[in-house]
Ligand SMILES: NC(=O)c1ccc[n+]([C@@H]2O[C@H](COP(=O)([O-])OP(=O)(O)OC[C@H]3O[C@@H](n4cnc5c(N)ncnc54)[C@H](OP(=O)(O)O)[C@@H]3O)[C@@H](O)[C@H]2O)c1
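Single chain ahead, written as structure tokens, the form predicted alone.
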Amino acid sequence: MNDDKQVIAVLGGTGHEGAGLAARWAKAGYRVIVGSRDADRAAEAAGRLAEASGGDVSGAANMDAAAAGDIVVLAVPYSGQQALAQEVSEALDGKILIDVTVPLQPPKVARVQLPEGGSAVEALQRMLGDGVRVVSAFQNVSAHQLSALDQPVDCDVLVAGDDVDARETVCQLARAIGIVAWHAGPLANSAAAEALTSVLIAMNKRYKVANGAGIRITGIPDQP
């Protein structure tokens, strides 16, 4: 592990998407802390991810994980997004919060259902205030692809945020695990990525895509 790399706390790291990201970053040499409401459950998940990735993964209760992380990732269902962010808000001050939330409304998850005002992630930024740099990313990457650590991720990611430096940091974290990442503008533009997830779910069903459809950005000559 490179001690100069940021410590990444993944709240919701016991779920499929969060676990996939946690394992990828651990494999890339980052120290990763898996957060959960239950510290024992977090520790169990961390053990599995450490074995799978060969990396440094530990587990902790959400508040402890958020406090220990240099960068915090929120990878929980939409129904728990704001409550968990509020719960750990004191530990987020001055940090980058990467939010992968998609406002899916079961059972019609293949239908776009954005919240009033457009973006679920932008709403989170308003709630947390300017002391937290919220960045939207990874909404369109399949958990199946993330968990297949021996395979490259066949999908680009859109990274939106009002702080350009924070966006670039998240782009670099994506590239560190082999994912092509693109600056997608201000946080309001997260609405497009959030909506696109339902479109991809519909396509997965229609075309029977086992590992999850993804997106590619074309027409840009060089990776930024």
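Quick caveat, the model's predicted, so the values are computed rather than measured. Numbering starts at 1 and follows the sequence shown.
Although it is not shown, the form predicted together with the named molecule is what the next lines describe.
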- Report whether all of Gly15, Val76 and Val100 sit within 4.5 Å of the named molecule in the predicted complex, measuring from non-hydrogen atoms. yes
- Listed residue (Ala91, Ala143, Leu149, Met127) with a non-hydrogen atom within 4.5 angstroms of the named molecule in the predicted complex: Ala143
- Consider the chain as shown here, without its partner, and state which of Asn189, Ser53, Ser36, Ser198 has a heavy atom within 4.5 Å of the named molecule in the predicted complex. Ser36
- Location of the named molecule contact in the predicted complex, chosen stretch of 37-45, 160-168, 173-181, 63-71 [non-hydrogen atom, 4.5 Å]: 37-45
- Are any of the heavy atoms in Pro115 no more than 4.5 Å from a heavy atom of the named molecule in the predicted complex? no
